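As C-alpha cells, one chain now follows by itself in the form predicted alone.
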C-alpha cells in the first residue's frame, strides 16, 4: 500500500472524526453509543500514521451527524480532533473540536458519595479544567481517566 492510498474507505453521507488521540477510537464509539447492536455502519482506523500527531485514530460513521453534547465530551479525550460532515462523498463542513466550559449529563462522578451517584434526580455537571474535569457538586477532580467516566447508560 502506498502512502497515498486510503486505509479506510470513503463514506457517502455522515461524519468523519479525524485526528483522534491514538488509542481513543473505542472511547469515541462509547461516547457515540455505538456498539455491535447499535446498527450504525462504522469504520475505525487505529494508530494510523499522521504527520500532525505521529499516529492517530479515525472514526467514520455513516448517516449520522454528532450532537453538540457528543462533540463536547469527545473534545475531552481527543482535543485535536477534527469533525468532517460528508454529503455525497464530499466534505461540506469541517471544524476542530473546542473544549466547553462545562459538560452536563454525559459523565459520571467517580466519588461514590456525590449526590449525582445517589438515588437523587440530579444530573451530573462537570467544569472543564485545563488538565481535567471537576464535579460541580463535590469538587472531585478527574485528570487521567476521563474516558472511564463516560456515562453510556
Ligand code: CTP
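Positions refer to the first chain, counted from 1. Just so we're clear, the structure is a prediction, and the values are computed from it rather than from any experiment.
Beyond the structure shown, there is the form predicted together with this ligand, which is absent from this document and is the topic of what follows.
Figure legend: unbound chain with this ligand modelled from its position in the predicted bound form by local C-alpha superposition. Site open, with zero ligand atoms within 2.4 Å of backbone or C-beta atoms.
Among the residues 142, 16, 138, 22, the one placing a heavy atom within 4.5 Å of this ligand in the predicted bound form is 16. Proximity to this ligand in the predicted bound form, defined as a heavy atom within 4.5 Å, singles out one entry of 97, 103, 86, 32, which is 86. Just one listed stretch, out of 65 to 73, 111 to 119, 52 to 60, 24 to 32, contacts this ligand in the predicted bound form at the 4.5 Å heavy atom level, and that stretch is 52 to 60. In the predicted bound form, this ligand lies farther than 4.5 Å from every heavy atom of residue 41.
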